[in-house]
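Next up: a single chain in structure tokens, the form predicted on its own.
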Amino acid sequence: MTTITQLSNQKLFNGQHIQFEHQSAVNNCLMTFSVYLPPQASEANKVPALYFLSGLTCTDENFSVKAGAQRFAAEHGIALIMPDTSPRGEAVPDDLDDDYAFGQGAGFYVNATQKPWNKNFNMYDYVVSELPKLIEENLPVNDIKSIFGHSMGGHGALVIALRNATTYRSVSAFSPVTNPIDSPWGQKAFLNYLGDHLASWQQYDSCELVNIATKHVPMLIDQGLDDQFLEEELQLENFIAATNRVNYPCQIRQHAGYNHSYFFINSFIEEHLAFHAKFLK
């Protein structure tokens, strides 16, 4: 059993919000993650898990502090799992131009194949395999799980659910990067992490993945129409067109006046927890 070290523990809505660190085998560095255990969780009553993937520049703490999700997780008896967005540390490579959309804080939830990134940037395997195993071995959490995320993390959540449709009960996203192959953020990340190989890029693009999906995962997307990244980076219209072409069922809600911030997430987080709770039983 892999050792995890507790960094902090806060009582919250009669549950526990705990931050941990551990040595990651897939990312070859020390990783930090946070967990909210609702009051229903115990060794005799292991609870389902809802994974949240954060966006560019975020750590495991942004969602923990800003989203207000723990209140609703406590009501529904769901554990919240909040990983960091990338490997970190002095030995981990970073963008030399200090670009916030690439390098540390911007793992894009892929398994890098190109040097020097491939030693540490394996966030897809970390979220899909290593972290759930760690959680289920060490905490009162069972193997029933769903996933959601914001922006780059929304991209990660959609990709992971679409590629693992029998593993995740449901998926949702706030302001996701839906078509990174045609997004400046995605193009820089994919070229550096994956090389100039279109087939490698396609396996991490939601618009491509819905075309080959054989099982449908219940899906909810919320998008603010005043989001400054909507047209160039997020490209929700491309995803709507892709799902329509193949009749992939997805509830997509577009909201006037909302932007890309955590104010938007906070406004609809209760509905996302209620959406996932229907499937996490």
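Computed from a predicted model, the values in this text were never measured in an experiment. Position 1 is the first residue in the sequence shown; the rest follow in order.
What comes next is about the form predicted together with a further copy of the same chain, which is not displayed.
Colleague: In the predicted complex, does residue 66 have a heavy atom within 4.5 Å of a further copy of the same chain?
Modeller: Contact check for residue 66: yes, within 4.5 Å of a further copy of the same chain in the predicted complex.
Colleague: Quick one: does residue 256 come within 4.5 Å of a further copy of the same chain in the predicted complex, counting heavy atoms only?
Modeller: Yes, residue 256 is a contact residue.
Colleague: Does residue 59 reach a further copy of the same chain in the predicted complex if we count a contact as any heavy atom within 4.5 Å?
Modeller: Residue 59 lies outside the contact set for a further copy of the same chain.
Colleague: Can you tell me if residue 272 lies within 4.5 angstroms of a further copy of the same chain in the predicted complex, counting non-hydrogen atoms only?
Modeller: Because no heavy atom of residue 272 falls inside 4.5 Å of a further copy of the same chain in the predicted complex, the answer is no.
Colleague: Would 22, 118 and 204 all count as contacting a further copy of the same chain in the predicted complex, using a 4.5 Å heavy atom cut-off?
Modeller: Negative, none of the three is within 4.5 Å.
Colleague: State the residue from 70, 27, 235, 243 whose non-hydrogen atoms include one within 4.5 Å of a further copy of the same chain in the predicted complex.
Modeller: For this set of options, the contacting one is 70.
Colleague: Would you point out which of 110-118, 71-79, 189-197, 144-152 contains residues with a non-hydrogen atom within 4.5 Å of a further copy of the same chain in the predicted complex?
Modeller: Correct option: 71-79.
Colleague: Can you list, in sequence order, the residues from 158-184 that come within 4.5 Å of a further copy of the same chain in the predicted complex, counting heavy atoms only?
Modeller: Residues within 4.5 Å: none.
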